[in-house]
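Take a look at this one chain, the form predicted on its own, written out in structure tokens.
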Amino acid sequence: MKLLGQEKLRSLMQVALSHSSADQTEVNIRTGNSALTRFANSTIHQNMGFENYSVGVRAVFGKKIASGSGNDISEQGIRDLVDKVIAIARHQDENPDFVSLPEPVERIPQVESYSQATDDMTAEDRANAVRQIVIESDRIGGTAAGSYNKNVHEHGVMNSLGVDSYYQGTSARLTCVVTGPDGGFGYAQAHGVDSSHIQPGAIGAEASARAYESRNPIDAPPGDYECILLPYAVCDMLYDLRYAGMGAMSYQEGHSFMCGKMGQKIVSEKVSIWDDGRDPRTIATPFDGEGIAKQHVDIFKNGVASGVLYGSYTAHREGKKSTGHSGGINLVMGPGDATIPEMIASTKRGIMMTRFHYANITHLMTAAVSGMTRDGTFLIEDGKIISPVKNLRFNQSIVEALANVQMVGKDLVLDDGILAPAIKTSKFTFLSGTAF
């Protein structure tokens, strides 16, 4: 399915705005296609393709608001949706905190969000990528599982106050877990706008090497350890931290880990984290779900709590402007100057983990997360990896872990849309072991 293009989307959105009798009206249209190849036991078992259109309408009468969505983007289908949303809005209770839909803040920037190579990727291309991974897992006598997906999409937003935004984007993500001999596991992945930058052989080699190195794991007693988190684990951690209070809503409602600490140094000065939808190293998206240009927002700057992310609703509550964060994240953690071998060499007794598994926030105000290590966990003593260990369960405050950061890696990895380096923290609490 080809994308409809800016002019077609604009004409359809204008149908909604011209038909609406609401005080204010907003319309979103998204179209696109995606494809997915899944593999397990080193064999492709599933290929899927999706095409979809969606339209969303938000209508406002004073402080009464309603929204609705559907998949019919014919002109009559859009008019019908507008009529339904207006009928709902008229019967809504007033929301006293609502001020207005957003007005345009600034011109939407041009970002590197589309790749023709990704758009052109075929099922055969994805199968060839899987084959390269399987070749690497075969070298260690292992089996590979994972997925390779691509997404091609366009998004338009207009409202009756002058917002008029449009962009096209692509993304591709290849993930794999290699199950090696004697209980070893390894994980690797690549994510980006341009699939031509993804090197399946290198991904397969990384996961296979880790699976081979983690064979015959031993038990490690629970307790506090120095801990090296590889970039995949740091990305997992930042993903959870975002939901523990980087948004303005949780800050305003008083359950963010940032509450009462804005302007204070609450993590290590080695830690700087920001959100920037324009950063081409991420899956760049120039505007949010309201069509407002995304701003660079510092969350932590040299360890100091510096800001939260605003959509128009939360911004208006404080008399501010939206930062373009009504949905979507592009988190980045700044690099340091350390290498992983240097982190290992500086560790007296510690754990190195590849990534989190089944992690969930257990306490918002401390940003505590419970979970388990996965796909490559190692014990370090006297500056050397002495053995792989069976997975460990943890319950750890992310803020505390970031406060104790001693070293930050110089190489960044993009995983699930988050760009982060490896870190070494002086204390990470593991509660119990597992049988594998």
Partner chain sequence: MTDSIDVKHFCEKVLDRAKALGADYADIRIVRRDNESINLRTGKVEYLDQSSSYGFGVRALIDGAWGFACSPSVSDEAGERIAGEAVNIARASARVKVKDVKLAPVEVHEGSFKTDWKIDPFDVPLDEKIGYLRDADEVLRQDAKVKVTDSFMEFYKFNQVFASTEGAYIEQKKVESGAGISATAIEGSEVQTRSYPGSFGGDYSAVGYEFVQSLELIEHAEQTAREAVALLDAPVCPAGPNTLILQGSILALQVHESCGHPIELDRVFGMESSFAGTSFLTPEKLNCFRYGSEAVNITADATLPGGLGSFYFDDEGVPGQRFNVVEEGIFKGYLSSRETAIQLGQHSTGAMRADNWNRMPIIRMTNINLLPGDWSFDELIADTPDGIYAADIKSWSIDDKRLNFLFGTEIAWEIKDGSLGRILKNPIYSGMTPEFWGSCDAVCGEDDWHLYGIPNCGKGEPAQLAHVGHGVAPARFNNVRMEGAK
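Values in this document were obtained by computation on a predicted structure and should not be read as measured data. Numbering follows the first chain given and starts at 1.
Keep in mind the form predicted together with its partner chain is missing from the figure; the text below concerns it.
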> Does R355 reach its partner chain in the model of the complex, with heavy atoms at most 4.5 Å apart?
Replying inline: yes
> Do G141 and its partner chain share at least one heavy atom pair within 4.5 Å in the model of the complex?
Replying inline: no
> Any chance E106 has a heavy atom within 4.5 Å of its partner chain in the model of the complex?
Replying inline: no
> Is there a non-hydrogen atom of E253 within 4.5 angstroms of a non-hydrogen atom of its partner chain in the model of the complex?
Replying inline: yes
> Pick from A403, M372, L379, V408: which has a non-hydrogen atom within 4.5 Å of its partner chain in the model of the complex?
Replying inline: M372
>> If contact means a heavy atom within 4.5 Å, which one of 323-331, 141-149, 189-197, 231-239 is the stretch that engages its partner chain in the model of the complex?
In response: 141-149
>> Given a 4.5 Å distance limit between heavy atoms, list every residue of 415-436 close to its partner chain in the model of the complex, or none if there are none.
In response: K427, T429, L431, S432, G433, T434, A435, F436
